[in-house]
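Same chain, two forms, each on its own as structure tokens: structure 1, then structure 2.
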Structure 1
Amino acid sequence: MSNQQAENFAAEAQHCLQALTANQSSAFRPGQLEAIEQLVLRRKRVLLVQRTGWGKSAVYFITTRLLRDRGAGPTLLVSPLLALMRNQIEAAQRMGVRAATINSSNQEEWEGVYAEIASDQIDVLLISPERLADRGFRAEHLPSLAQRGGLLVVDEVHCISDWGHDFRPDYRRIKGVLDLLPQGIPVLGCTATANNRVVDDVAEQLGTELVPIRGPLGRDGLQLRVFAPAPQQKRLAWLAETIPSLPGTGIVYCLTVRDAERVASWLTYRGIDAVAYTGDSHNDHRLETEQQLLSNQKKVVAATSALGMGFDKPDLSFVIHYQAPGSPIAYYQQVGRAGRALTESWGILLQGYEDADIQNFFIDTAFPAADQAHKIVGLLEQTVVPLKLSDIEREVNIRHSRLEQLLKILEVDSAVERVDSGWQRTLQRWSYDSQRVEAVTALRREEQAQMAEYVSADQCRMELLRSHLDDSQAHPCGICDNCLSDQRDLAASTHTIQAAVDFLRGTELTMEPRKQDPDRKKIPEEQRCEPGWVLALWGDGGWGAIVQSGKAEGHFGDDLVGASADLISERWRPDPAPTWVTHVPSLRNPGLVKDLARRIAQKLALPWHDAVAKVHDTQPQKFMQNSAKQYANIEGAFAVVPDVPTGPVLLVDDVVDSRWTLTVIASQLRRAGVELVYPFALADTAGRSSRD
């Protein structure tokens, strides 16, 4: 290509950039024009590893425009962030790029979108990686899209590698899309969080001739701070006192759904305009929350990692971590949300005593156990008809969400396949890749140690983060707490700390009754318990830690008894009120809950009756991973003694997780003539390590 041709191409691309940004003075950042040239002129496969906010979407939208002007087919963009790309799509329309999406929320539009693609009216089709799991899409539409396509874009391409911090099984299906592409179709993979190991793995899957374009990952003006570990109540107090003094808006990241919801509730209670955002949030709520944060209608969003990749608010002024993530790469990805267009922003890491337990849970459950995988594959091999999830759960002791994840992994590996009536074994040979699982798990432990190193380091924090991402240009930032020798303790007033304790102790925790058995059959209303209450979450900074120590010591103190009685009589006030009290019996520790129930009854001035007997021993329910196993574990284990009172009863237990024990006993009490059953427990252990 001559110099004149190169200049003409650069001018053409520059014109597109100015239309995209609606700014005649816009100029390409280092690497952007190079990537566009590789894709448009040389039809290469390119890997962009650039910091958050660098402008990766500008590369693929401008490339699309230039390829379409040269007669190429539409772009297929695979991204997990469709809901967060509205602003980019609107910007692309300014240079005549027409985009459409196919996703689970717009099924009524699919037929029209496919018709527009067939008539060449669509320039970019955006799909989620999960769309590649749909057999109908793969069979009916993907082959023609791949054959006619002008460009394949894989956004957040680090998700394709299980060496990355956010591996997603459906990304493995992209290899099949690559196999469908005609020779010479360019491919673009984009990420901000890929170290050398991940880059090598991505290159192996996207093609060995992949052209990497890497830039520096530093964030000017982002001031990193780390505080020493502190209990929940102190961290909550610090948030309440500090956030109002911080400029602009921000995000508080939490490791669990429960903590994100609790932080948002606490900040709201303290008069701060806050809202929670998690993987459990309804899609409409998430979209609304994103817009509220973008338009500065909310001061702060308490979020899990569900609000991470792709969220682009250039003037976000602070990111605070309520707990430490499990790796410096994951931390960089989240803290990098702050200050993209600000001269000064904050990235503050708080630490909790619970952090390591939650990190360990995520590491230990990242991959399905080999025995579970073999058992499921063997089970499907032995069956003539496809099996439903409930059928598999009865045979394999695995949590429902874990079973869905494992089946997806096995499907991607071609070991099993989904059919209309359930799951069946394929004819493909399969073996469990234990070496890779062990290697990746070892890497996760190494990353956990690196995160601990980041927390305790005395060197520049930004330099350390960049070095873990193999950024060859890493250097001291000059503005983090270590560079400034500005280490401080987490400070909060005694008054606010006590208010946080009171808040934790006063949080309303209700137990909804189970309405279906493990086979999804309705439990008759006349056999159900009523909605119940729980005093605390296991191990939290309110009553939860006291419950935990009391259970370990084998005795619950008078403070817990008094708090329980106050909750029942003052806050709960079931109507009609219970007329007597009983408890969930145990053969391993028969006195603990019995003593608790008798003392609660005495405090409430109600009679206590030993109304339920345990007729045979069972495994602890915490070892049962799904409803089918939990129910089977306790089925027939309890019996109601003769001549029990028939008035409404308070059914007491110390801790509750699956709710099946309370459900089964309540059903037996109801069948014995008891009018109503109100379940109560000191602590709820369910979901203490749940992810978004």
Structure 2
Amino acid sequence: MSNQQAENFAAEAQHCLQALTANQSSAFRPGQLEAIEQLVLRRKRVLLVQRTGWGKSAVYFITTRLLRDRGAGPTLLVSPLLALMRNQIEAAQRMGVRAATINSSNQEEWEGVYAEIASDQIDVLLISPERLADRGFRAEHLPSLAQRGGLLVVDEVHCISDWGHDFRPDYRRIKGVLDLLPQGIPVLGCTATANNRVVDDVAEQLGTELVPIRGPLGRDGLQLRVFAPAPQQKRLAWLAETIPSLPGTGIVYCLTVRDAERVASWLTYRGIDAVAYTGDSHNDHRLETEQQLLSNQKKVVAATSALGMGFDKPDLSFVIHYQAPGSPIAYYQQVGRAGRALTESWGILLQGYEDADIQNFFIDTAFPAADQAHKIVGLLEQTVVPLKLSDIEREVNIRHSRLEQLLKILEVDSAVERVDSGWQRTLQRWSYDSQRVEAVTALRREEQAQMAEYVSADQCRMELLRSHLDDSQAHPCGICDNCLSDQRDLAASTHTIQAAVDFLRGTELTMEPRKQDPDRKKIPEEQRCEPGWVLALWGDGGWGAIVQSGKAEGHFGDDLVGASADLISERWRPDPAPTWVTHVPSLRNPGLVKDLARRIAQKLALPWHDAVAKVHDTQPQKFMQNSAKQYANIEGAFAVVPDVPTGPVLLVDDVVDSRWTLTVIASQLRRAGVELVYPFALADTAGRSSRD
């Protein structure tokens, strides 16, 4: 290319940029024009590693415009974030780039999008990775949508690397596609977080001719702080006292869904405008929460890592971690959301004694154990015909949610696939790749050690994070606690700490009645129990720990009986009220729950009846890992004695795990003529018993 041609091209691109920004004096940032040139003129594959807000979307919108002007087909943009791109799409329209979106929530618009693609009126088609991973969509819709694709853009491309901290199964399909895409088709991968190892891995997927363009990842004005580990009540109290004094809005990151929900409800209880955002939240709720945070309608969002990828709020003023993530890269990605457009912002890391346990849990369960993987693949290979999830559950003793997760991992490995009627073995050869599992697990351990190093370091924290990201321009920031020699203790008033203790004890939880048996058959309305309550979470900081020690000692103290009666009569107040009390019988320890139920009845001034008998012994439910196994374990184990009262009954248990026992007994009581059954338990392990 001659100098004259290069200049003409630069001018053409510059013109697009000015249209995009609606600003005549806009200039390219270092790297932007280079990326556009590589894509448009050389049809290369480009990997952009640049911090959020650097202007990656300008690169792909301008590239699209220039490629389209040269006769290329539309751009296919794979991005997990569709709702938030509205502003960018509007900007793109200013230079004549028309975008359309295909996702699960706008199916009624697909027909129109097809027509527009067919008549070449779309320049950028945005598709979510979930859509791409959907079998039916890929078979029926994608071939026509992607028909003439001129540029493939993969946003958050680090997700295709299983070396990365953020590997997502949905992205695995993209990895396969990149491998089957010939040279000459420009590909742009974008990410804000990738160290050398991930860049190398992504480069291998994108091909050796990849052009990496990396910029500095530092964040000016972000003040990093780390506090020593503290118990939950102290951290909750500190949050409640500190957040109102922080300017602007922010995020509190937690490691588990339950912690995020608890932090949100505690802050709300303390009068702070807070909301939870987790992987369990409904899609609509998530979108609404993102919008509320973007428009400063909420002070703070308590979130898991589900609030992450690409979430773009330039004026987010603080990111607090309630617990420590397992890797400095994951930490950088989350804390780096703060203060991109602010001169001053905060990144504060709190730590709990539970952090290491939770991190270990994530590391240990990232891959199926060899025997579990062989069991599942072997089963499907043996039956050949597709099996429903509940059929698989019946054969393998693996918890429902875990089984789903394992199937997804095995699907990524092309060992199994989802078809209309269930899961089946693919026709691919497969063997358990223990080498890869060991290598990735070792890397996670290394990252965990690096995170431990981060929290105990006395060098500059930002410099340390950037060096873990292989950012060659890392240097001391001058404003973190180490640079300022400003280490402080986590301080909160005794009053607030006491309130947090009371709150933790009072986080009683409701239990939804099961409406289906393990075969997904509906349990008839007249055989179900009512919504029930539990006093605490098993082993938790509030009542949970007291329940745990009571169970170990074989006696529950009066404090638990009193708290239970208070909960039932003061807060729960079932209506119509129970007229008698019974309990879940046990052959192994017949006295413990019977005594508890009798004392609760006494406290509530209700009669107690020994209404349910255990007719044969069963294994503890906690050894049964899934519904089908649990159900089979207890089906037929109980019998209701003759002539029980027919009024509403309170059904007491000590620790509830799967809710199947309560479901089965309630159904038998109702069939014996009892009007309503209200289940109550001291603690809910909610499937955590296997981790105790």
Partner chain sequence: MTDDRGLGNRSEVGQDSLAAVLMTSKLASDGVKPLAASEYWKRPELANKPSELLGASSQVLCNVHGLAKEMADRINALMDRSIAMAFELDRLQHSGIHTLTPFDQHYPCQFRYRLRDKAPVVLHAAGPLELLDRPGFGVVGSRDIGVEGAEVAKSAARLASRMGLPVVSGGARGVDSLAMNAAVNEHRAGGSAVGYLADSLERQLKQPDTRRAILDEQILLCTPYRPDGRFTAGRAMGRNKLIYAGALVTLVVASDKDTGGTWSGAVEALKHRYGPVAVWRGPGEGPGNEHLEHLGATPVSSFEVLETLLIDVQSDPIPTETATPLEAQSQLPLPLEISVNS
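Rigid core here is just the name for the largest C-alpha set that superposes within 1.5 Å across the two forms. Residue numbering: structure 1 sequence, from 1. Here the structure is a predicted model, which means the values were calculated and not measured.
- Structure 2, not structure 1, is the form predicted in complex with its partner chain.
- P607 shows a C-alpha shift of 2 Å or greater between structure 1 and structure 2 [criterion: core-superposed Cα displacement of 2 Å].
- The rigid-core alignment places the CA of Q183 2 Å or more apart between structure 1 and structure 2.
- In this overlay on the rigid core, A240 has a C-alpha that sits less than 2 Å away from its partner position between structure 1 and structure 2.
- In this core superposition, D643 moves its Cα by 8.2 Å between structure 1 and structure 2.
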